[in-house]
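What follows is a single chain, given as structure tokens, in the form predicted alone.
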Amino acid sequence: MMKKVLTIQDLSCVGRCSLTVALPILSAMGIHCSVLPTAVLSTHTGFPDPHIRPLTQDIGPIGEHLQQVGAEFDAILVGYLADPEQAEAVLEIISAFDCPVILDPAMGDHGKLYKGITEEQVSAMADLASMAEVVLPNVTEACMLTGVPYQQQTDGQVLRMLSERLCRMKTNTVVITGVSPNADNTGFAGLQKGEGMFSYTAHRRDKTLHGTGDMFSAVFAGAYVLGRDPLEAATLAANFVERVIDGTQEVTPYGGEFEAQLPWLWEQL
């Protein structure tokens, strides 16, 4: 039977990120992907001054209607939330659907919060993280969620400490992305309860593309739902992102050209 994933994150009308990458990637992996937008943006925030319409008041009613029609999901993937109240609404949805939650706490990068994200939202996201089975922060977000000062280059001891602090309550697995052991390499490090730490390192690409974090979380979620263990799922996601970066000829605000890599992704499954 086809697996079903509900993804809760924003929708940008132009630009490859959030729902505009999660929906096609999960669909290409043979998964029935349902969506619940947290906000509608004219473009993603890599373009100047996008129009942003939060859908805070709509999340609860949408969740209630999904329950009324008997919707069922094998997992819920949560991404960008526009305000702290949305975290409360998402928590209610999580409690209503008995399935694993995978959280990509999209709040910041390079040691800084994204524009418009507040400390109150960080606190609300931390509460949400404690209820997720899997948390997929970058290094900046892992530090924000745990109150640890940001370090661009993190050693194994710091990564273990961050992962252990994030593995609380329902959280079983943490995968920290954007881990830079040195200037030439990047990758991820993770912790699975009962299994210990795991990691992956690759040569750093010289391109920075919008949406690659969202691509990573979508591929991870799909592979995880299909039965891959966290290391396998994260490695597949990293390989996919690497192929997207290598295959994107020109860096533009529209983001990484992931579409050409979808046949490869299907072949890996």
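What you see is a predicted model; the values in this text were computed from it and never measured. Counting begins at 1, following the sequence as shown.
One more form of this protein exists, namely the form predicted in complex with a small molecule; it is left out here, but the text below deals with it.
Looking at Arg228, you'd find every heavy atom of it more than 4.5 angstroms from the small molecule in the model of the complex.
Under a 4.5 angstroms non-hydrogen atom cutoff, the small molecule in the model of the complex lacks Tyr150 among its neighbouring residues. Taking the partner from the other structure, the small molecule in the model of the complex has no heavy atom within 4.5 Å of any heavy atom of Cys33. Though the partner is left out of this view, Arg243 does not reach within 4.5 Å of the small molecule in the model of the complex, counting heavy atoms only. The three marked residues, Asp10, Tyr80 and His210, each reach the small molecule in the model of the complex, with a heavy atom inside 4.5 Å.
Between 235-243, 196-204, 43-51, 58-66, the stretch whose residues reach within 4.5 angstroms of the small molecule in the model of the complex through a non-hydrogen atom is 43-51.
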